[in-house]
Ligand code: HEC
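Just one chain is shown here, as structure tokens, and it is the form predicted on its own.
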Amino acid sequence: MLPAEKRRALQLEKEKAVEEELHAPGFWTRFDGDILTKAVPIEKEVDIMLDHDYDGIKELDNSLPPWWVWGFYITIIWSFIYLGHYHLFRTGALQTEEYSIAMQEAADQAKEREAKMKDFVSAETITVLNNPEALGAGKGIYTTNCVACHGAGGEGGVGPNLTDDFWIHGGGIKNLFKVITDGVPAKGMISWKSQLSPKQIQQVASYIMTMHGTNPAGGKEPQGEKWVEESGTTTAPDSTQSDSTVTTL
């Protein structure tokens, strides 16, 4: 057995080790001290205190935070990479070149939009198509969808005559486009915008315009008001004169 004095010494060493373990800094404390701030514990600040003071205010000679120091080193390394990439090896585009590339991309996108917009037609932008291909497509659409109500030659039947000067909802390409697009539900004329694209409606409206003055056999009596184009405009009179049993166009 150990002498009492020796046992006492061992006991004190054990208690000291336990005490040090209990007061040892945790992970986040060590992380803060070693990586983030490198702060000196308050009880050891006297070791880094400078000799001078200002009105009783003393200064500590703390080290710069490690994260700041490493950030500064990284900026120096990055400056050499930037210099080589943009100015020495010319593998990157400078601001003027980036601007030119962006402007070219914008121009290309504008051309793509214009190409797509060629098939977009509205009542405000519609014009009469006169080329044989468009009129042929319009005739096919008319034959498939319009003959039942307006006759093969536009002479009328359930619907009004499309060949004379009288129109229930105004003549001209713009009014034709509106009526075909939106329909006249109260008179049995359905809206075709869910079945025909704006371009197809323009084609069939242009074909209907070619029927004017053809005077087909068995033409239906005039309905609505006489339509006269004035100075190239297509403003239509607001007429509600119609036969309630007629599909209107």
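Predicted model only: the values in this text are computed from it and were never measured. Just count from 1 along the sequence shown to find any residue number.
FYI, the form predicted in complex with heme C isn't displayed, but the following is about it.
When heme C is considered in the predicted complex, residue 145 lines it closely, a heavy atom lying within 4.5 Å. When contacts are judged by a 4.5 Å heavy atom cut-off, residue 66 does not count as touching heme C in the predicted complex.
Looking at residue 158, you'd find a heavy atom of it within 4.5 angstroms of heme C in the predicted complex. When contacts are judged by a 4.5 Å heavy atom cut-off, residue 121 does not count as touching heme C in the predicted complex. The stretch in contact with heme C in the predicted complex, judged by heavy atoms within 4.5 Å, is 186 to 194, chosen from 186 to 194, 27 to 35, 40 to 48, 56 to 64. Applying a 4.5 Å heavy atom cutoff to heme C in the predicted complex picks out 166, 167, 168, 169, 170, 176, 179, 180, 184, 187, 188, 189, 192, 196 from 165 to 199, in order along the sequence.
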